[in-house]
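Only one chain is included here, represented as structure tokens and corresponding to the form predicted on its own.
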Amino acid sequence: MMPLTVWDVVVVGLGPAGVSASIQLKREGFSVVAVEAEKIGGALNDASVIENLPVCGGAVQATEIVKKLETSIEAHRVGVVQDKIYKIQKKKEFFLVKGHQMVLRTKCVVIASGLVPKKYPDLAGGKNIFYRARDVGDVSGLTLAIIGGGDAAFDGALRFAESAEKVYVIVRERPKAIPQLVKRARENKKIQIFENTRIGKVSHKRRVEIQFDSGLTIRGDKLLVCVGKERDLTLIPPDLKRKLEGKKLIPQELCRGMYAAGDFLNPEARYISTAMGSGIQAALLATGYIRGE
């Protein structure tokens, strides 16, 4: 547990937005501690290849970008602690950032905690049901079913098709993923796409069985559910939570001294470049707040 002191800034989450914010704030000369519940990189830990980051000069493995983020954090000597933040309280002169292992006092907070997966109706996670690609594990020689039609579903299909025996992608209507991903999936002989498909029932005892309304049943060893993501607003103060519930777009300044960044700020634009830019902007807003500008 870290000593109870007053930090200039606590950054919640170390995806691309949180890393960018933390580094900028350190460069401004502030005392910064970043809190990460799992691994640096955030949603990058669920991705395979990144192609839309111009500075990389083309396609690059997501793991390589994660390594660069880790190196940058170390190079700028950002203090990092591993904990899950469950509540942020605003006091008169500071914020209390409460985790399961520690409580931090800070003048300012940057929330870059990303998003949480939406759950499929009546389908909890389990031994062979997963909501994040990073949790699926080894699929060598196995059959994987994926529910979803967005980038995450098709990126996951291409990623796991490298080792799986078969990958099914089940899309409620038509694919919403970018055309390049869909085209590659269609061309991959290991991937079978079911479009305009309604699921009637999913059972998962020893194996996963998915029954379509049409009467067709497919079977697999594991199931990855990619039906969207949403903000987890439970950590912010209740009055602020009520104001933000149901909103697609929220202000970057949630209240004086508390700023949003990354996917938490804009769930509709889940790109590394926009996340990094919003992280820098959050850091600049925090800088102005601390200095009274």
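Note that residue numbering begins at 1 and tracks the sequence as displayed. What you are looking at is a predicted structure, and each value in this text was computed from that prediction instead of being measured.
The discussion below concerns the form predicted together with a small molecule, not included here.
When contacts are judged by a 4.5 Å heavy atom cut-off, D46 counts as touching the small molecule in the predicted complex. Residue contact with the small molecule in the predicted complex: V109 places no heavy atom within 4.5 Å of it.
In the predicted complex, the small molecule sits within 4.5 Å of a heavy atom of G114. For K243, no non-hydrogen atom is located within 4.5 Å of the small molecule in the predicted complex, even though that partner is not displayed. Figure note: of the listed segments 140-148, 77-85, 168-176, 190-198, the one touching the small molecule in the predicted complex, with heavy atoms no more than 4.5 Å away, is 77-85. Only one of I236, M258, V35, V225 comes within 4.5 Å of the small molecule in the predicted complex through a heavy atom, and that residue is V35.
Proximity to the small molecule in the predicted complex, defined as a heavy atom within 4.5 Å, singles out one entry of A152, A164, I210, L104, which is A152.
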